[in-house]
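What follows is one chain in structure tokens, specifically the form predicted alone.
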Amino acid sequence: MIAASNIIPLFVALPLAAAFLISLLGKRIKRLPDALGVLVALILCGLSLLSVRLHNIHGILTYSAGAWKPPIGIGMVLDGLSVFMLVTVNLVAFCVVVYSVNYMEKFTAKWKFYTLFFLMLGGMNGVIITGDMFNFFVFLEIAAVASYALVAFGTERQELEAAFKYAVMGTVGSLFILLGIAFLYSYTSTLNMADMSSVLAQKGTGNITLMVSVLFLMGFGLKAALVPFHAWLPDAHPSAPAPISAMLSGVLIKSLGIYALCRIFYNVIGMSPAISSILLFLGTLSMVVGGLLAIGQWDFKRLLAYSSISQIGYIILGLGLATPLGILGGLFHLFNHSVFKSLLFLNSGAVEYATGTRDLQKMGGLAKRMPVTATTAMTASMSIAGIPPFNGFWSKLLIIIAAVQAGRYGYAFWAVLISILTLAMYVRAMKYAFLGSLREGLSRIKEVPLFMKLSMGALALICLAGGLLLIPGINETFLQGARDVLLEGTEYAATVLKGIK
């Protein structure tokens, strides 16, 4: 049990060590950033898959940093939800790092990119595994600050402006979160999440909990880009290099936003009917507004950015239902969206890499010259639109069925309608980009380099086979384990504290 729990700090130590070594030696040894980056990302991906098995054997694992035991000392927790998020984040990160080997050649100082990338990855992993609020905020800020710099990585005027806007709004969101943590600490006299949950259960929820809930909804809602807190995302994601756009939309807004909302409102404060109703409303609003704004975009990456807001709405809708099937569907869609949206941003990067433009009106017939990019982009588009047998179909179906079972017929209607709208927008995008006759001036373009193709191909295979996660056996070990943690609610605290003792 002790040996098994030693895996937990590696999810933070490895990426931070990689960031340190690359910053120290990357400028002198040209190939070190690529080699070390791929190696560390592969190890983290392998460790996240191993953590699934360890959790199935041992149950909840806890790790105490230093001599002081939690709730006084720093604790890290590996439960079903942590394992699920670690696999999602590190799987996407590995594919993005492989893609970056070729893509980032056109940028100077690749070692700076990898340094910031692994700082961001270490921050996200830290948010997922930490068991106390203070370190939760520290890791959140590490990931957020690194992402601000990565958005501005190209140093063009548009990128710097988008990064500044993102940094200002992100800092406001962080301030809301910090205030919420401060008020909770003043009320409970502890920073350990499990201990805080126990104290809240004993004292009861009062006005201070209501105020904290509002602060967290605004703070984490901004990190997750929920409408009306979404204004930063349509500028930040298109401006960043394609690998960073894939990480931002694929996993950053999930780990810093959605995961944090789930962990705090289900396991620390407790999910109330009022919070559930607010999440349902915000999820549906994001679904509709994001879909309507995306449909009119001609900038390929901007279309994908608005589409992310819409798809985040589906996830929040499923989680807001607070039913076993709704939570399962929401978590499944979180994983699926991480895969197919990362793939779509990598596809857009491949198109821009080959053609030099993101304007769909200046493209056409690219499938003839870029068959791998076209095939993987079509796979991801059908998946995000919810076409069977791709993975997006199954998660959307679960969310819609859960809404109907809960008697939320209006929400189910909007989920179906926006799915049809999503299909229309991606059929249009694929038509303008890849179908038809090849435009003048594009006759000399060719398919992207090998590592970019490998990364896109791997993610496309997951889109195609993602529905297999619902097969009994796999479902119990991966999706249901994460769902059960949320269904336990504040009872989860007793399980964690027992594991620490």
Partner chain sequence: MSKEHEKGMSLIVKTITRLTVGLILLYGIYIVLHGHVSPGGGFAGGVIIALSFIHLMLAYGKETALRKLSKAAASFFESMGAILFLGIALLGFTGGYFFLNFISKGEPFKLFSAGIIPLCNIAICLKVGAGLFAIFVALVLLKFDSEKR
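Positions refer to the first chain, counted from 1. Since the structure is predicted, the reported quantities are computational estimates derived from the model, not experimental observations.
Absent from the display: the form predicted together with its partner chain. The rest refers to it.
Participant: Candidate spot Asn6, Phe20 and Gly66, all three in 4.5 Å heavy atom range of its partner chain in the model of the complex?
Facilitator: Yes: Asn6, Phe20 and Gly66 each sit within 4.5 Å of its partner chain in the model of the complex.
Participant: Even though the partner isn't displayed, in the model of the complex is Leu479 close enough to its partner chain, meaning a heavy atom within 4.5 Å?
Facilitator: Close contact is absent here: in the model of the complex, Leu479 is far from its partner chain, nothing within 4.5 Å, heavy atoms only.
Participant: Can you check whether Leu16 is within 4.5 Å of its partner chain in the model of the complex, heavy atom basis?
Facilitator: Answer yes; at least one heavy atom of Leu16 falls within 4.5 Å of its partner chain in the model of the complex.
Participant: Within 4.5 Å of its partner chain in the model of the complex, counting heavy atoms only, one of 22-30, 41-49, 444-452, 431-439 shows up; tell me which.
Facilitator: In short, 22-30.
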